[in-house]
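The form predicted on its own is given below as one chain in structure tokens.
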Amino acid sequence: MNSPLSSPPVWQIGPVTITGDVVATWVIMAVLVAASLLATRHLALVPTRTQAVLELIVGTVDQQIRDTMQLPPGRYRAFIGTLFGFIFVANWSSLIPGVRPPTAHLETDAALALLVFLAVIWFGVQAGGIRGYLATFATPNLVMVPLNVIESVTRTFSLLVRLFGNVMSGVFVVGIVLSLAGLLVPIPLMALDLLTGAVQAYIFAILAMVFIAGAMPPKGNKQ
């Protein structure tokens, strides 16, 4: 059995090795972009069934942002919605025979966690300027500065470990049972794995919202 941390190479471009996880990641991104363009090219005041579903999804994301961040959702909708959508589809890509979810690969989860880390800085600086963002590290007082700096790094690492551990463990367990018990026996485990994948996408998005909301400058320091 191959190591769960390894990814088989598909082809080589000079010194760069393209793995199956990279291919799956780019295919998922292309599918999401194409689906978004197709679904939004004929928007109307009287929504079609597809548009109504899209409006329901966007409305749900907006409401979740309002409830979690206590902020207007417009500025954060695209990032949070894309983050959740990619992780959700990536986790469920295990339904395709022979495809391992990109989120079961360490590098993909590290990239997602890094995006959240950078988004926290970006939105924090946008909301209160550099001074306002840096002031959040002194909340509630200056003594907390070192701890808050360490927390900003460790919570990013926790995002990576949480997503990788949960998705990889599900793939690993299903693979072992499938190799030992045959095709039909792992179906209940696969259903549980899909549920776990959906929950992990939701948790990752919620934590991203919490971290971004924490980067908002204290009241009175906003620019």
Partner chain sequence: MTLNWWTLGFQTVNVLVLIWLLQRFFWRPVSAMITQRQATIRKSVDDAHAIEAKAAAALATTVTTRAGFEAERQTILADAHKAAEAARASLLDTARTQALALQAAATAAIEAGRQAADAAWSGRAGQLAIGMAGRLATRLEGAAVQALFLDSLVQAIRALPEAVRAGLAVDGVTLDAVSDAPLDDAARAVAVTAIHGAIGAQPEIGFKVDASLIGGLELHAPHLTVANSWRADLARIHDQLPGESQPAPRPKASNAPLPLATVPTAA
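Keep in mind it's a predicted model, so treat the numbers as computed, not measured. Positions refer to the first chain, counted from 1.
Although it is not shown, the form predicted in complex with its partner chain is what the next lines describe.
Heavy atoms within 4.5 Å of its partner chain in the predicted complex map, among the stretches 107 to 115, 92 to 100, 146 to 154, 128 to 136, onto 107 to 115 alone. At least one heavy atom of Glu55 is located within 4.5 Å of its partner chain in the predicted complex.
By the criterion of a heavy atom within 4.5 Å, Ala44 is counted among the residues contacting its partner chain in the predicted complex. Residue contact with its partner chain in the predicted complex: Ile18 places a heavy atom within 4.5 Å of it. In the predicted complex, its partner chain sits beyond 4.5 Å of every heavy atom of Gln63.
The partner is not shown here, and in the predicted complex the stretch 128 to 142 never reaches within 4.5 angstroms of its partner chain through any heavy atom.
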